[in-house]
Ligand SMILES: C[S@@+](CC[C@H](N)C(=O)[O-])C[C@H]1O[C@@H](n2cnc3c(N)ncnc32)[C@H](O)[C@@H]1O
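Only one chain is given next, in structure tokens, and it is the form predicted on its own.
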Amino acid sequence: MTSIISKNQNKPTLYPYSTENNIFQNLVEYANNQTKLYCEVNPVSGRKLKGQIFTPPKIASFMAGLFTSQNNKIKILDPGAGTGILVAAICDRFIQENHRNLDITIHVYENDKTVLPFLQSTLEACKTALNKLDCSMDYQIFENDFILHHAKVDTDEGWTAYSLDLSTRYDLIISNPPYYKLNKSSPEALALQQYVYGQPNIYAFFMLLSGMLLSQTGEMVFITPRSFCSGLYYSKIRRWFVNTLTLDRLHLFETRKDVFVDDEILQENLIFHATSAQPKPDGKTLISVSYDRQFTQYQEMIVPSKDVAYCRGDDCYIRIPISKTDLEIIEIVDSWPQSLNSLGFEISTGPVVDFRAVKHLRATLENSNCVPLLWMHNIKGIDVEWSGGKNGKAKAIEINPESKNLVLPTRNYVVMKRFTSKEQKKRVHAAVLNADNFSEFEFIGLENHLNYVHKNRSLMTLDEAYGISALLNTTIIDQYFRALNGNTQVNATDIRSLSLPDYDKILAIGKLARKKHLDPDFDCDDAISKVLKIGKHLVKN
């Protein structure tokens, strides 16, 4: 296990830092006390509305320990400083490693006026402690929004244009950014509109702008949700990030419950270290994982950077393999030459949104204009069954002039759950909608919580449908998506960009899957192991 904070962790600290009423062993402890004082009068409910989540001390120290710069003149930025614990962690590291005669400039942004006195107290403590090492330290607190501070607005005859002021550059940028969704018409989104797709989140804007503000040899360390690593909403930001910066360190927390437990936050979090250097084709990325914020069960491994920051066509992703098996699976899937699109397939979302179509939904097939309506609970194993209802959900939809665009022609489809339950072992659950089982109906309804794969210019055969469905249900695909986006949902965009084997291999898998009714021991993993010659240690849990 590597050191969590400094290269010289056995070197004694040069002080305790004392105040009138308390003695603190280091600046992180001092800053954490400022956080406690602030939280005593600002309840978590109000802080969550601001996207204000404070960094635990050990995580702050770990993040500061990832920087590699040895410069004597250093310009530091924290774009969402809170009580200043991340800056305090960097200053602690300078002190613990006995750096002397440093020339340090610190810029911090904090637009919550209630936290400013606590932030200033932390920065003053840092300045006093560093002065004891003959280090020069100046700081400036910007009491405004980080994004808008760098946005220049030009208005000409009612037309507004936004540009960015990137004139100030930083050597070290560290941040636990705020987390909340923005409207696409918000000033922040307009300032970065060329990187917006769908529903933006402020934390991704902090990442993006910070990356733009790095000096030529600059480094940035962030702790963020994992959600930016995949998905359509972050695609433009991710593409800029992957093609502009080098992502050389990632740390994952296995538990979602512990990292920000004091702020009642439940999400998958990661820490990353990136530099302004151009990515190298043969680069390496160090990936570490711990169970919780105490860094228990800490493990690390080095992987090829190309397996982490991955681009295919216009799509870029950040994948995080945490074992040799994950790495093998990523490299196998990447070697597959096809995709749904290249094979002539497309994936779409079920068009029936129940609360919008409620006047067309029926409990039974009440008349000849009604057709079956399929939901997630109709996926049974690798087949779709129009069986009994669930929780009073409608079993049919009536076709009329208003609803005719909500139904699909009755054909063979691969149908997938858009959302998985806690009890479901695998991230993807796909099944075959066999048109023969619904032959008495010209049309069929698919509810919006289902995605479906269909053929673009012809009809999907059952061999094709069972081949795709069996492949998506395998352990190897489940593990691939866990490396891609953790425990979040696998969406249509993820499936659309997934590499697939050649057509003849998919057909061979499908032929095996169709024999399942004659073989009670049929297993999707065994099928792809046999057809694709993949070792069973990779296709079995």
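Start at 1 and count along the sequence shown; that's the residue number. As the structure is a prediction and not an experimental result, all values here were calculated from the model.
What comes next is about the form predicted together with the ligand, which does not appear here.
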Looking at 318-326, 366-374, 202-210, 333-341, which lies within 4.5 angstroms of the ligand in the model of the complex, counting heavy atoms? 202-210
Please pick, from 482, 50, 511, 505, the one residue with any non-hydrogen atom lying within 4.5 angstroms of the ligand in the model of the complex. 50
Considering the ligand in the model of the complex, which of 385, 354, 112, 300 comes within 4.5 Å of it through any heavy atom? 112
Residue-level question: is residue 82 within 4.5 Å of the ligand in the model of the complex, judged on heavy atoms? yes
Report yes if any heavy atom of residue 26 sits within 4.5 Å of a heavy atom of the ligand in the model of the complex; otherwise report no. no
Using the partner position in the model of the complex, report whether residue 176 sits within 4.5 Å of the ligand, counting heavy atoms only. yes
Flag residue 268 as yes or no: does it have a non-hydrogen atom within 4.5 angstroms of any non-hydrogen atom of the ligand in the model of the complex? no
4.5 Å heavy atom contact with the ligand in the model of the complex for all of 240, 272 and 307: no
Under the 4.5 Å heavy atom criterion, name the residues of 137-151 that approach the ligand in the model of the complex, in sequence order. 144, 145, 146
